[in-house]
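As structure tokens, one chain now follows by itself in the form predicted on its own.
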């Protein structure tokens, strides 16, 4: 019996939690946490791109919203996740509904450019927050807690939390893609007019997808701020949105587990090439081109039977 592709992925992610890593434990946990956090962000974008055909070039805006939600509450001495998480999710929802409603009035390249414009608005808005560091960013005084417990205080606890949240987001995406909502979203991508003829409102379905994807990405942004203990306007930069698109495409757009593979591949490639030369992007670019050429279905398509 063949195991689902997600099983070995999560087994590999869980291995550092049970293996004796010795002096390298801190490094492995930090690297694994980055993979898990960006995996959540890639999952959220893959839900829009793979299932809904919505190519957003401004998805990093939600990372910044999540990060600054943590930062602003931190400045007011609020660190409890029971408050932080709902506030972050609510902030992303407040942003996604009006901006998504405007963006969905367009199609194709225009949709891409509008999402980029909204992301740049968040970027410059974050840079103007003088009380929270402005362009220099904001350094957290403490990581998010869970009432009196501090699960994010240690590298082990932080990594375990990130992997658990990644698993939860993965299962949520799988359930949504397989649901009636997910089927309607895929149908809109394939034939919008036919779906309208069936009495389904494509606008509300797509707007709901944008809101869900935004909240998931904001959660990743909150974790990212905790990982670095820092919030910066750079989280909303267009380059970060480009990185997320690369993860989704490299992993295999439309494949839920492929988004995690893409995030892992990008993080590990950056780490490996960065240890070779400070000009690692010169090597990174051609490798991405080769990956796109030879892995048409992304990393998730490797070993999949053709035809």
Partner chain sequence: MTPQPKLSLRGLCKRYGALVVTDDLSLDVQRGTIHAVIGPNGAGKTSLLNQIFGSVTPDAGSVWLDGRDITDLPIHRRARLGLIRSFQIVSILPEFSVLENVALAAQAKAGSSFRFFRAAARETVLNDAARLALAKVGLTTVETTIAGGLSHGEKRQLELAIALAAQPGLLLLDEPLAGAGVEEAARLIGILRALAGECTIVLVEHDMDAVFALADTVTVLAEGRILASGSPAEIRQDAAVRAVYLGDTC
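Residue numbers count along the first chain shown, from 1. These numbers come from a predicted model, not from an experiment.
Below, we turn to the form predicted together with the partner chain, even though it does not appear here.
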| item | value |
| --- | --- |
| Among the candidates 106, 141, 196, 80, the residue which, in the model of the complex, approaches the partner chain to within 4.5 Å (heavy atoms) | 196 |
| Contact residue in the model of the complex, from 87, 205, 165, 129 (heavy atom within 4.5 Å of the partner chain) | 205 |
| Contact stretch among 115-123, 141-149, 179-187, 96-104 - heavy atom within 4.5 Å of the partner chain in the model of the complex | 179-187 |
| Output flag, 175, 191 and 200 jointly within 4.5 Å of the partner chain in the model of the complex, heavy atom basis | yes |
| Close approach of residue 71 to the partner chain in the model of the complex, 4.5 Å, heavy atom | no |
| Residue 212 within 4.5 Å of the partner chain in the model of the complex, heavy atoms | yes |
